[in-house]
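Quick setup: one chain, the form predicted on its own, written in structure tokens, and binding and motion questions come after.
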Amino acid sequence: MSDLNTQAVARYKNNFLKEVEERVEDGHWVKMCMQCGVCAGSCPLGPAWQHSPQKIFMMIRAGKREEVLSSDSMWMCTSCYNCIVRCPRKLPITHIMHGLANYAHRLDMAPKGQPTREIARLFWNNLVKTGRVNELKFSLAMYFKDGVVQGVKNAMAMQGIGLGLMKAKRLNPMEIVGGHTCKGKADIQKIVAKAREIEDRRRGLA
């Protein structure tokens, strides 16, 4: 290998690329991206991305750690899987983007106030308490996530829909107290706690 090639490989194998390969789901695939842009062209939200997937992958390979992990691009993915289906190299792009989002969240580097991140956090916190989502509590958490005043405004704006759901017996206000749950709720919480412990250890975050 020539000196020029050796230098190029050395620059390519930067610390952030290694970090992604070791700590992000399917991160070892990033180096396989050939920058064709098919993923960006296939994404229904392509024009809304701050950085398309192939740009994110190039930024990783360029060592731009802060720019990547603070980007809101990973949070734009809707899991439509068009990118995976059409990628010439069959890269698991959706999984990588979700993995990067999760990793940025764990490091607290994801953009503050990013709507998708906030929805995911509220949904997960609601779910792990009982093993099932309490729709009423989740809806109220969404309404009031920006404060009491905004929460009241949101609730008033949706009151017509709420009353309609109650009349159709699709919404029970008493669920705010208990709600539906699963058997073995404590066991579910233990499983989640153990999974987090294993994941943190595997990703070197423990």
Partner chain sequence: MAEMKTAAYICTGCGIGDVLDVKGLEGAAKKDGKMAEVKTHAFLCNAEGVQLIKDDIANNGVTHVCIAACSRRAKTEAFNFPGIAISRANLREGVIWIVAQGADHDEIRQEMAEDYVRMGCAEVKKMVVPGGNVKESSSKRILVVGGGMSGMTAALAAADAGYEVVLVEKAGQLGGFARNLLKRVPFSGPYAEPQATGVEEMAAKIGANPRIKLHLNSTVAETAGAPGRFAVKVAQESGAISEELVGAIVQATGFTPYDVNKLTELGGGQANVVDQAGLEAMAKAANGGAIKRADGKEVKSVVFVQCAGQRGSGGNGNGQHLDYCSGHCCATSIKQAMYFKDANPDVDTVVMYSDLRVPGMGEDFYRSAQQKGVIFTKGKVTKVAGGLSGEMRCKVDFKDLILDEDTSVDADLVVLATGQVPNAGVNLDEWTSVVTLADGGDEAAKAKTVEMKKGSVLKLEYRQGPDMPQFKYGFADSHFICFPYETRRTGIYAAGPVRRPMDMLQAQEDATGAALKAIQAVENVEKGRAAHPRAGDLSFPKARLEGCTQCKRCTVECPFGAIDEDEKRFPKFNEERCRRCGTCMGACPVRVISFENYSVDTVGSQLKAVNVPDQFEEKPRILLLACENDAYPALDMAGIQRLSYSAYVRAIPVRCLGSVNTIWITDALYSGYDGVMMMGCKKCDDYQCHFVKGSELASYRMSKIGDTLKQMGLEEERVITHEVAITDHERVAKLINDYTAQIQEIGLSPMKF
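Positions refer to the first chain, counted from 1. The structure displayed is predicted, hence computed values, not measured ones.
This protein has a second form, the form predicted together with its partner chain, left out of what is shown; the following refers to that one.
Do Arg132 and its partner chain share at least one heavy atom pair within 4.5 Å in the model of the complex?
-> Judged by the heavy-atom cut-off of 4.5 Å, Arg132 is well away from its partner chain in the model of the complex.
4.5 Å heavy atom contact, Lys153 to its partner chain in the model of the complex | Contact check for Lys153: no, nothing within 4.5 Å of its partner chain in the model of the complex.
Taking 4.5 angstroms as the cut-off for heavy atoms, does Ile188 touch its partner chain in the model of the complex?
-> No, no contact at 4.5 Å.
Its partner chain contact in the model of the complex: Lys145, any heavy atom under 4.5 Å | Residue-level check for Lys145: no, no contact with its partner chain.
Work out which of the listed stretches, 153-161, 133-141, 167-175, 56-64, brings a heavy atom within 4.5 angstroms of its partner chain in the model of the complex.
-> The contacting stretch is 56-64.
Residues within stretch 126-152 having a non-hydrogen atom within 4.5 Å of its partner chain in the model of the complex = Sequence-ordered list is empty.
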